[in-house]
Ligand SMILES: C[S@@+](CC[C@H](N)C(=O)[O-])C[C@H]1O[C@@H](n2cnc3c(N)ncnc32)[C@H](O)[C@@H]1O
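First comes one chain, alone, set out as structure tokens in the form predicted alone.
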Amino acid sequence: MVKDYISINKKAYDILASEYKEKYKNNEGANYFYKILEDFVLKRKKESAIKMLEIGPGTGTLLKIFENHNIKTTAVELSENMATLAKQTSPNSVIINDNILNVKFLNNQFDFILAMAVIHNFPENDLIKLLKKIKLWLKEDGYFILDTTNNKITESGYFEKEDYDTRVERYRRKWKKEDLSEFLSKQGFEIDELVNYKDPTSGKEWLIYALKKTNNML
């Protein structure tokens, strides 16, 4: 990338953190989405001692939900302001304020890895690096759960964050469902479940994937 997309994205989410918290407080669309994610995890939860990593937890709502289900949560958040809010929301979670590409965890450490509205913040080469890390950190019977918007075409660039009063630019890779599904398969993930969710608040269509890792690399 010509620009330093990591610094640009970090600055954007630092600026938006407070507005983000207020926007999704008691938001009908967001609450329904959280329920989908909660069900995704709980129906796959097999043991009592479960460890979860969330990449990009935002203000920490999902962390709090899963801590309430006796899941031990760790999160890595690029934005300092977002990380502060996440810690306030879910004080029992371990919050690491860093770039996920710089962080190291043990192999087979996590039962669940979540990346909600995160993968579209990475250009393809760095996303491949991230997915390789996720495959190492995820247990053999673990699940990688992600979501992103479904778009008419796959494209990338620097776009203003939509649906916010504060207009800030950040890097965004917009995925078409068919392209993303093929890409994930090439990186060694198989789809266990895929849900299309239309957010009534924003009108955007979201793709929610539950993925298992495989040894197949196309």
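A quick note: this is a predicted structure, and the numbers were derived from the prediction, not measured. Numbering starts at 1 and follows the sequence shown.
Separately, the form predicted in complex with the named molecule exists; it is not shown, and the next lines address it.
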TODO: Spell out, yes or no, whether the shortest heavy atom distance between residue 136 and the named molecule in the model of the complex is within 4.5 Å.
DONE: no
Open item on the list: Since only the chain is shown here, I'm wondering whether residue 109 would be in contact with the named molecule in the model of the complex (any heavy atom pair within 4.5 Å).
Closed with: no
Task: Any non-hydrogen atom of residue 82 within 4.5 angstroms of the named molecule in the model of the complex - done: yes
Open item on the list: Would you classify residue 117 as touching the named molecule in the model of the complex, given a 4.5 Å non-hydrogen atom cut-off?
Closed with: yes
Open item on the list: Quick check for you: of 187-195, 148-156, 53-61, 174-182, which stretch puts a non-hydrogen atom within 4.5 Å of the named molecule in the model of the complex?
Closed with: 53-61
- [ ] Just give me the residues of 99-115, first to last, that have a heavy atom within 4.5 Å of the named molecule in the model of the complex.
- [x] 99, 100
